[in-house]
Every structure is written in structure tokens, then in C-alpha cells.
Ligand code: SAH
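To begin, one chain is listed below as C-alpha cells, in the form predicted on its own.
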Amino acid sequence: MRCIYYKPLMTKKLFLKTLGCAMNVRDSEHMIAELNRIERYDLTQDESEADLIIINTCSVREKPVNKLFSEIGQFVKHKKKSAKIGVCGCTASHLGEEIFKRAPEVSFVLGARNVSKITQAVNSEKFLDININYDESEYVFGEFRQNPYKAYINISIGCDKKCAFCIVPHTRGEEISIPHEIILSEAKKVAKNGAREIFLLGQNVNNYGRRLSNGKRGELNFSQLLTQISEIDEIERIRFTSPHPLHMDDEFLKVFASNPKICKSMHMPLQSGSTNILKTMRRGYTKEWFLERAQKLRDMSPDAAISTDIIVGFPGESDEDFEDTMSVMEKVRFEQIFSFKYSARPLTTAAQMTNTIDDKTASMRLKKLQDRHAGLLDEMTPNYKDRVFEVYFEELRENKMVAGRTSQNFTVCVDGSEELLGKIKNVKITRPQRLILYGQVV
């Protein structure tokens, strides 16, 4: 009798650093899934033991781009001799071959619109593909998710907006909606695998359905897509980012407010509260439009939390323009803001503007904005004491605590164990703080 010996499946180690937005997080998950179609990769937090090092980059602001090459230098120092380094994402899209010139140790450069080619890139020498017209809207990726309790699902790729400050259209290409059949199929699959919350992703999610890859309009708009996803029994929560204020019509707000499965957390990117600056930014709406939509949202969904993005120091921003932004913040009373000094990006029209704001003025404005928002939070946060929220638990924390999020996207921590993970529980808030609410399960 002849014995047959099977060679054990060899695994490789992958160090993957993801920068930027939730779409980059999902792109990284897609890359891991695609790599594992061919051979097994285990994730590692130690780049010195990795066989493959990938940096999935962001180019929305200047600082992460500048930091990229110093990080590559550190990886080169500590990596195994045989390990490959790859640069992916938005910075890869806009720098392209320049990355090879500045960092010859890099093995491949893969743009944000070319994620499905990751295996080809890894198995090639000096691979470069940064085609922003490449269409992955109907490509079905392999399955990998880092969080078993929450699933990111792309509903569109690219962006057709021409905001003066934004490089994204130049790194992710034109906007194409993913066919609703693919989205619904993915949603059903992740729900059966245990995810009770899904997070829909797109540059302008509420513009969904405007154009498919064949140039035709989709059968569903975003409001209709939300309704169909909510009909999947196992899904209990639906989130999305980012909607565009210009497309916040009454149908969308009504579905948001009335559908109990849609989390009552709305991200409304303001960027500036000045109509003059909004026009220069090419945002397509006015201060008055934004305030009217925000007020309608508050009226229709009183428990909803509104977050926003704000840029200060945009070229030409006067003191009066900045005070308009402060005024909008006072009127809307955002529960969360992501605020930044303007950062000039290549390929954008704003980068050519000469009426720039000096850094000292921009820094003072940013501090004033952030200090006032902290004050608003100090006014609002005590109101959460003794309130009961439904919390979906998804993360273990230090000191035997478990963290989750309310429908409004507030982080809540309670004493507990892994038995709470993946479950929705009522929590009474006992100690509210600006960034975290502490409570107890009731």
C-alpha cells in the first residue's frame, strides 16, 4: 500500500495600512479577499514578518501624501528581503509612476479604480495601473470583512461633482452606480452571515441610480434602494455615507425619517456656511438651501443626529464668510463636525487660485470653530443623561467594557463581555461625555 503525503497549505503574511475614508476600508477588504482567492494571506501588525506590504492611500489632504514616502522608507528598513511593497488608492491614482521614481523599492502602484487587479499587481514586476476610467461596477469581489457585525457595501464608484477643492474625481473617475441586483445580493449574503448592520458607501449616495456603466439610468433611486434593502429580514440597521445636500429632496428625507431600520444619523457636508464661498467651491447650493434642508430634517426626524464637514481658510474666505460658517453651526447645532484648514490639492481648480488665506489666520479660524463646537457639545451632552438608547454592540474595549453605537451614531460603552457582541440592547446613559456615553444595560 502506497502512502500519499499532502504538503500543508502554506500561508503568507500581509501587512496592510489603510488611510482615509470608509471607501478605502472597503477597498482594503476587497484586496484581501482577492488575494485569498489564489493563496492564503494572514494579516499581521508587524511589517518585519510580512511577505507583502500594502499602503492603501488617501489624497484628500496634503499631509498623508507627504507622509507616504517617509513611511515607505521605514518599511524598507524593517521588511524581509523578499517582501514586496505596493502603493494603492487615491495617491497611487494621482502620482502614478512618480512613486517608482521617488521610491524605487515599491513593486506595484494600483489606482483606486483598479482594486480588482491586485493579484495581477502582486504577481508582476513594477506593475502600474491607474486608469480612472476602468469600470469595476459589475465586478463581484471575493468575500472578506474585518468586522463580522457590520458590513460595508459599495453602491457607486467615482464622482461627477466638480468641487473646486476636491481631488476625488481625478483619482476615482466618473460616477457609476452599481446595479441594484448586485447590491441586494451582497446585502442578503452578509445578513445571512450574521451582520445586522450594513453601511452603504458612495461619494454621493443619494445621487444613486443616475447612471449605470451602460450609460442608462438605474431602475431604482437611492430612496427606493433603501426601502428594498430594509425589506431583508435579517438586516436591522442601515447606514450610509455620504449624501450630498443638493440631492436631499423630500422623498429622501421622508424615507430617512419614516423607515425604522434606517439609522437616524445624517452626514450633511456643509464645507462652508458662506453662499459666496460655496459658489466658488462649486458646491451647487446656498447657505439658505442647506439651512432649510437641515431644519426640515430636524422637523421630520427630531431624534436624528447631524454631522458635517467644514473647511476653513478656503481661498478668498473673508471674516464675514467665516462668520457665516459659524452662524450655520449655531443654527444647526451639529452633533459632530470634521473640520480642517484648506489644503491645496493638485489637479483642482482651487489650487490655481491666488487669493489664499495665510496659515495663521486659517489656524485661528479653525480653533475658534472647534472651540465653539466643543461648547455646543457641552451644552447638548448633559441632555443624554438617563436617556435610554438602543445600542448595537460590536467592539471589546479595555477594562472589561464593550462598545457599540446608537442609531444616532453615538459611541456607548458599558461593563460587559463578548456575549454582548452582535446584539442590540437598551442602555441607560449614566455618565455622558463629549465623545463617549457611558451607561448600563437595562
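Predicted model, so just to flag it, every value in this text is computed and none were measured. Residue indices: 1-based, along the sequence shown.
What comes next is about the form predicted together with ligand SAH, which does not appear here.
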Problem - K341, heavy atom within 4.5 angstroms of ligand SAH in the predicted bound form - result: yes
Practice task
Spell out, yes or no, whether the shortest heavy atom distance between I357 and ligand SAH in the predicted bound form is within 4.5 Å.
Solution key: no
Practice task
Tell me, yes or no, whether Q203 is in contact with ligand SAH in the predicted bound form, where a contact means a heavy atom of each within 4.5 Å.
Solution key: yes
Handout entry: T280, heavy atom within 4.5 angstroms of ligand SAH in the predicted bound form
Key = no
Exercise for the section: Sort through 342-350, 183-191, 219-227, 67-75 and report the only stretch with a non-hydrogen atom within 4.5 Å of ligand SAH in the predicted bound form. Expected result: 342-350
Problem - Option touching ligand SAH, based on a heavy atom within 4.5 Å in the predicted bound form, out of R61, R40, K385, R397 - result: R61
Problem - Position in contact with ligand SAH when the complex is considered in the predicted bound form, options I153, L253, I311, L128, heavy atoms within 4.5 Å - result: I311
Fill in the blank from the handout: Looking in the predicted bound form, the residues of 238-273 with a heavy atom no more than 4.5 Å from ligand SAH, listed in order, are S242, P269, Q271
